[in-house]
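Take a look at this single chain, the form predicted on its own, given in structure tokens.
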Amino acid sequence: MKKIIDYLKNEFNSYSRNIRIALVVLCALVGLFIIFGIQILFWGLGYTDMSNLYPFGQWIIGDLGLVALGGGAFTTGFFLYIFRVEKLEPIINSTVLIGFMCYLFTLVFLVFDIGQPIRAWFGYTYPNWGPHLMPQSMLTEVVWCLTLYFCILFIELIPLPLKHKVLDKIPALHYIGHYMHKLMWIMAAAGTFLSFFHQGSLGGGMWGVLYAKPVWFDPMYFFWVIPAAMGGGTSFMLLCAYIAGKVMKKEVVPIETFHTLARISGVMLIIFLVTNAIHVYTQATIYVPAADRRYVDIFGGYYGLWMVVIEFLFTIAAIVFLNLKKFREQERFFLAGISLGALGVAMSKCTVVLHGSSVPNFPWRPFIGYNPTIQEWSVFLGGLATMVLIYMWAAKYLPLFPHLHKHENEEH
């Protein structure tokens, strides 16, 4: 035990002062996550600010946001393995790990979200059979697609630890990792197929079919969430790799890889902007008036029209910075572009959940407010802190960035 403690102390002291402070904060958040997570699981959702009137809260924003931003993993893999954009090779390990963690913690947050974790298996086995034994539950499709794609990401992740210099010296593990890498195009194709379904259904389809809710009902939801995940997700993958490079003070990914994926992200965000604009237009002119309401009347309470405005402003700014070469090749505009691209998509999820839940079904009902409790904040931020710690560990001990390890080997 003493050796373990001494190892941890030496490991902690090997970092710079700023990194040590960040580690203390991250570990504190993880500790709160464990404490309040146990409290929620044993004593129920009464410790949250959710209610029968406001059934969706912070965790569902985390679920939708992580799934959308994790969509950058299937997008990067699709362009690399199917379209053979070889310039994306240096960043693929990072994107797979981030995608894996996004889906892992989506499932973790869902455990808290459903209120009764012992019934989590209901999502797989109760599809609400309809006429002629046709499943009618969109949630069943979401649960199965999420789980299957999580398994695919796990398989895609296996070659990463097998490339460690210790494991790679074992012939059997070396060949397993080598041949799994050769077959990754199959995983990429299967992942893309599954992602299109659950991105559309979880991100929009579950809301767009609710015809009793004017603020949500719109068949366009299914179509604009897919380019949102592809554009915002790739921006998020770039942002994580960029921050890793700044923290490590090394070139972890070649600049041409950054710019190639940034162009892909910029094009996807254009499609997202157009489809989102069509979504807002059809809601304002067709679907909300069909419920005998005006579009401006469904904004109120805590969450007003400003959320939609910010969502569009973030997206437009990201499109300009990522698609115009003169901005993309300047570091400050590149950073602004990938940050705003990820934030714009995250804001769209906040708009869907917070605004949609606060708007009453009937004109004579008041708007509903929601304030996450300390338990909700701790579970949410603690989950994100755990993701950061895993990513930091992988960046230090695993060949997460082949470009970086290649140059280090050449120096030796």
Partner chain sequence: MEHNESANITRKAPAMRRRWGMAIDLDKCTGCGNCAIACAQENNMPIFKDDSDLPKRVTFLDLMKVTNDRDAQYPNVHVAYIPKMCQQCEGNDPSDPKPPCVSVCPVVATDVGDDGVVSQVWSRCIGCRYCQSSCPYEARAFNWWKPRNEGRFQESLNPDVSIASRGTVVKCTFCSHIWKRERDKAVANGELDINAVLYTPACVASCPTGAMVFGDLNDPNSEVSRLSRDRRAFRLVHTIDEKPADEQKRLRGIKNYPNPKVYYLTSQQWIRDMQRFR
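Numbering follows the first chain given and starts at 1. Since this is a predicted model, take the numbers as computed values, not measurements.
Keep in mind that the form predicted in complex with the partner chain is missing from the display, and what follows is about it.
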Choose from 382-390, 62-70, 353-361, 27-35 the stretch whose residues reach within 4.5 Å of the partner chain in the model of the complex, heavy atoms counted. 353-361
Option touching the partner chain, based on a heavy atom within 4.5 Å in the model of the complex, out of Val274, Leu210, Cys151, Val247: Leu210
Pick from Leu157, Val308, Met206, Ala189: which has a non-hydrogen atom within 4.5 Å of the partner chain in the model of the complex? Met206
Every residue in Gly46, Thr140 and Ile286 with a non-hydrogen atom within 4.5 Å of the partner chain in the model of the complex? yes
Is there a non-hydrogen atom of Ile278 within 4.5 angstroms of a non-hydrogen atom of the partner chain in the model of the complex? no
In the model of the complex, does His259 have a heavy atom within 4.5 Å of the partner chain? no
With the partner left out here, check for me: in the model of the complex, does some heavy atom of Gln116 sit within 4.5 Å of the partner chain? yes
Closest heavy atom of Pro90 to the partner chain in the model of the complex, within 4.5 Å or not? no
Under the 4.5 Å heavy atom criterion, name the residues of 265-294 that approach the partner chain in the model of the complex, in sequence order. Ile286, Tyr287, Ala290, Ala291, Asp292, Arg293
